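Listed next as structure tokens is one chain, alone, in the form predicted on its own.
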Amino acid sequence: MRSRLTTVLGLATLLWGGGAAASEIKIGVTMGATGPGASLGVNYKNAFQLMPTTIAGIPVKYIILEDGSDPTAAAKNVRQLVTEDHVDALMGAVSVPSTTQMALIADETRTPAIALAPVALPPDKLGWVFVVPQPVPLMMGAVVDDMKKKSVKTIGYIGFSDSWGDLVLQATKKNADPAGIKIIDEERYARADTAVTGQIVKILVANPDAVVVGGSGAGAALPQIALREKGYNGPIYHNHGTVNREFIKVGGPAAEGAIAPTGPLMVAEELPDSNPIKKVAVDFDRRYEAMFGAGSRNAFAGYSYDGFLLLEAAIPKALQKAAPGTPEFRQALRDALESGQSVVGVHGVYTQTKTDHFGLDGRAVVLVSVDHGAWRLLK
């Protein structure tokens, strides 16, 4: 049975049409804090404890449903949130498959949705979906740039046997091919697998200059460990789905030296003072670690918070046109989200428009590596 957590934040009264009426903004969230995506989902969910109590003076009601990191459950949650709870906006999920299910239903029901994980859909299916994580090609472009500096010419690839593994592979090829870097072996593994020995042996036989892992969270540690145990000493690159404490805990000493792209919040204090992201990211990191412990900062909680910041910036504009709980408000909220307003988050500066529902540029990317048990800015 799905667990349901409802948090009502703040108390306020909104005047509509000259009469006083209690009003609230409903945001429906499907979240996988259990199941194979739990190492990410817990962090996504934690961030909701740090979000302000109101938006534009209106109380916010978060309806958070657990989906167990299962796409089918995520789809069922989203339909309930839209048809029974009549939410004004959606947020979620943890994995690409689950978030893609949310996006499809959001487009069908004309409900604004903030995607907290990448989505495997063409642009014409993203009319109501605004994606917080950095586009995979942008992040893997930074990886390939580092490969060029290290004179890497060949790559071995091992990634999840699902849409996330596909996205990372495609983005790596898109950036590597023009650079003259070739992928000479492609391997896959399931999220629930406990060994990848056969795949790693094949990669080692191919003898690549570097390896790219298309996993995420703790699940990305499996190939990292196996490669080091089998004596591979070349660079091992990951993606922005890997950067959390759980990867380091599971990987142990084998995690040392792993390289990945991520958002600036992971190394916020090391950013120059002129960087507009620094102040927001440092503040979020300070508050998050005060609540969840030193070193608990992670990219995934930051995605949830940036999703909130996007809604916080758009909702006042939508309120000028319609009341929450109506189709008109949802349309106005969608329009406000794609109005081109720049929103400074912990991962980047978002300027989303009608033709760009990502809205991020190179300021959203830094390269980090595991150094003495912590993610640090790659020097």
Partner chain sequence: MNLDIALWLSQDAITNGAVYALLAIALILVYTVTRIIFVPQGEFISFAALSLATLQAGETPGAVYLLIAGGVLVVALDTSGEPWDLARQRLPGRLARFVAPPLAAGALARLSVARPDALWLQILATLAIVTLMGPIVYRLAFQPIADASVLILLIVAVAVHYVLTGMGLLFFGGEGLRSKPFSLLSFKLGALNVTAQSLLIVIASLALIGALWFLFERTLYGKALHATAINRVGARLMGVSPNLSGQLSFTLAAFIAAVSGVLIAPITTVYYDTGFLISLKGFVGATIGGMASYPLAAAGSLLVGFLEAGSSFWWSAFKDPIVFTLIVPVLLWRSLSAPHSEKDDAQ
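Heads up, when I say rigid core I mean the largest set of C-alphas that superpose within 1.5 Å between the two forms. Every value quoted in this text rests on a predicted model; they were computed, and no experiment measured them. Residue numbers count along the first chain shown, from 1.
The protein also exists as the form predicted in complex with the partner chain; that form is not presented, and the subsequent description refers to it.
field: Contact test in the predicted bound form: Gly219 vs the partner chain, heavy atoms, 4.5 Å
entry: It does: once the partner chain is placed as it appears in the predicted bound form, Gly219 has a heavy atom within 4.5 Å of it.
- prompt: Looking at the partner-bound form in the predicted bound form, is Asp146 within 4.5 Å of the partner chain by any heavy atom?
  reply: Contact with the partner chain, no.
message: Given that the partner chain is not shown alongside this chain, does Glu187 nevertheless sit within 4.5 Å of it in the predicted bound form, heavy atom to heavy atom?
response: It does: once the partner chain is placed as it appears in the predicted bound form, Glu187 has a heavy atom within 4.5 Å of it.
task: Using a 4.5 Å heavy atom cut-off, state whether Leu126 contacts the partner chain in the predicted bound form.
output: Heavy-atom contact with the partner chain at 4.5 Å: absent for Leu126.
field: Position in contact with the partner chain when the complex is considered in the predicted bound form, options Asp193, Glu270, Asp283, Asp177, heavy atoms within 4.5 Å
entry: It is Asp193.
task: With the partner chain left out here, work out from 306 to 314, 350 to 358, 337 to 345, 35 to 43 which stretch has heavy atoms within 4.5 Å of it in the predicted bound form.
output: One stretch meets the cut-off, namely 35 to 43.
- prompt: Across 229 to 255, which residues bring a heavy atom to within 4.5 Å of the partner chain in the predicted bound form?
  reply: Those in contact are Lys230, Asn244, Glu246, Lys249, Val250.
- prompt: Do you see a C-alpha shift of 2 Å or more at Gly251 between the shown form and the other one, with the core held fixed?
  reply: Yes, its C-alpha moves 2 Å or more.
Rigid-core frame, C-alpha of Gln199, shift of 2 angstroms or more between the shown form and the other one: Yes.
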